[in-house]
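Both blocks below hold the same protein chain, though in two forms, and each is given as structure tokens: structure 1 and structure 2.
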Structure 1
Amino acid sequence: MHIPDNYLSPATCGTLIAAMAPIWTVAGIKVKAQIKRHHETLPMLGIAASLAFLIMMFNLPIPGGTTAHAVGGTLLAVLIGPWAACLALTVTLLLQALLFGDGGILAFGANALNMAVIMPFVGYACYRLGQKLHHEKLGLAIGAYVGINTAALVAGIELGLQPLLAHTASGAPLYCPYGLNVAVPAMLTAHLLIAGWVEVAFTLLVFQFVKKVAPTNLYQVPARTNQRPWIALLLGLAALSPLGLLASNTAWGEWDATELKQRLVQQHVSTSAPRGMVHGFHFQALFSNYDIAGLPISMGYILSALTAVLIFLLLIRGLQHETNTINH
């Protein structure tokens, strides 16, 4: 679901970044107020961002030769609140794009809208409805499934609109070459059949874990949180992250120009990749595809996971120190 650069037109990317700006502003204000009321929100932001990062490393094989992954958007919204989840997922997506080349720099607004806004807020709404009907876990499961599939639907629409929004005088697509009739079914099929159910499983398992280590709901009834079980969980997921390599194919809509050209030729659609993609913005991340030069890819995966967790926790530690300094 991480849309790379050059699949969306610059106009689309700019519009979605502009749309996200007020959302990030409101999220910052809401979370700042939440931290003042409940100080445990701040360390949980780092833990939540780390958790989402690790969950997204576990790629799943999809029939047809592509892959997908869970995200944890609904889970984060339930743990720390939807606005805090929005910020945590935004930071996760930013680190993925800048350091690991997972998701585009110009497409950051689109990815944030899909995974940091639509997914947690839709999922949380379903969860709250389940709570009101006295079926908390059912609401959580439905929220996880509906949240990720709603985000996948919107991503499919964003991609599928490109041939209509950006094309040459002869009608050839400049960016994503697949229309709505291809992009939407492709995105939804992967998530309705496989990724959505894995999202549900991850969400319920971690939620059950939370109930054991922190019986009160962290967002609605905050309590002082013991971070040791969380750190153990994060380290365990980091150690298991190479399992994501078992699905080695590229997710739908995340091919580079060479891979896309091969697909288009095989499908007798075109003999070349779209012009806007070939001559577009190309950013080379330091650890592209979670690969660290000179190390086996599995070790690169583990070190990438640990690096991300360390960055998030150090970032939060710095914010805690600054907050304490201001308060004193």
Structure 2
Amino acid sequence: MHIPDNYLSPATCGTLIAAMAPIWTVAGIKVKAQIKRHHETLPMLGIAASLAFLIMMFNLPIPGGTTAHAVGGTLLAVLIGPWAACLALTVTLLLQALLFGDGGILAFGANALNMAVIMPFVGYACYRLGQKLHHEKLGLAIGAYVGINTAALVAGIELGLQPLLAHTASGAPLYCPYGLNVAVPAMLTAHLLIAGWVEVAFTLLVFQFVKKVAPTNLYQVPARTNQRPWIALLLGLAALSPLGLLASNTAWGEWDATELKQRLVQQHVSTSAPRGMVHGFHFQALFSNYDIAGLPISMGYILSALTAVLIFLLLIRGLQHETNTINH
């Protein structure tokens, strides 16, 4: 799932790194609190990063003669906590990108979003939900499966958007040449059919072992969370939003359905926009206002950035509420 360089446009890469910055900040704050309680968390971060590296290196046999490897995002989240897992996986990805040539340097932000944020958090949320409903293992299995597939879906979308975002005047794509209609199904089938199950098996087996041998070594949810990280997240995001201005191409996610259709036609990929795009997501409603209001374009960027912040915050807020209530 490691996206290599030159598949994503610099604008996408920049946007995604900007989006990652506040997440990393929050993770740092969260993990520092965790370190206060268990000081071995500090070396554990590094160790977990190398563990993740080894997991991704370990080829598992799959029926049919080929092999696949697990990512271990969900597993790490359950073992050392989602925020620590986020940091550890980030370090793994950085190592792979800079020293082992696995995954791109510019695409680092995208890879981090997919594998160090989406996968552990989605997986962990499912696991917690399962725990709440007294089906811990089921929750974990679902978490591992859904986690990796969500990550794959997002990776597919990131890749598939490239022909729309960056192309020459004649419509030839500059980066990833496959549109959404190719990239998303390709990513998803591979993961739905194979990688997802490998991930599930791997996660469950290791979890089962640890649970049996040393249940106390699993991550224990802290009793109370403080609110400062959310403020930091907000400030970080708001401060970083002007970065979007630097992006020369249309930034990620800022198009409307007509443009979308126009581009798809240009590309000879599809003669009409995917129906889901037109009717399902309502980009029109979300993103077409800022120009109409006669505001300068930069203002529009900032507004939409803030909107994104808010949506993001609400999402995370929901997650946090859930983990809080479970504890009482």
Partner chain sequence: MKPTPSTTNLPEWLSNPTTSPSRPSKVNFWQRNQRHLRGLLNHLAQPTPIVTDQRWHITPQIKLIRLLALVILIALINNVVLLWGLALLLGSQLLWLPPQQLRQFMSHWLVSIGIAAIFVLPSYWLAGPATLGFFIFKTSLMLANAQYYRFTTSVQDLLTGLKALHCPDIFIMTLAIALTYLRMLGQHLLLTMEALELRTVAPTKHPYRLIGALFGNLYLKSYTYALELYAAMEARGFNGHYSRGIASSNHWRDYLALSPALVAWMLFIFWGR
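Computed from a predicted model, the values in this text were never measured in an experiment. Definition used throughout: the rigid core is the maximal C-alpha set that superposes within 1.5 Å between two forms. Each residue is numbered by where it sits in the sequence of structure 1, with counting from 1.
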Pick one: which is the form predicted alone? 1
After fitting the rigid core, is the C-alpha of residue 42 off by 2 Å or more between structures 1 and 2? yes
In Å, the rigid core superposition gives a C-alpha shift for residue 58 between structures 1 and 2 of 3.6
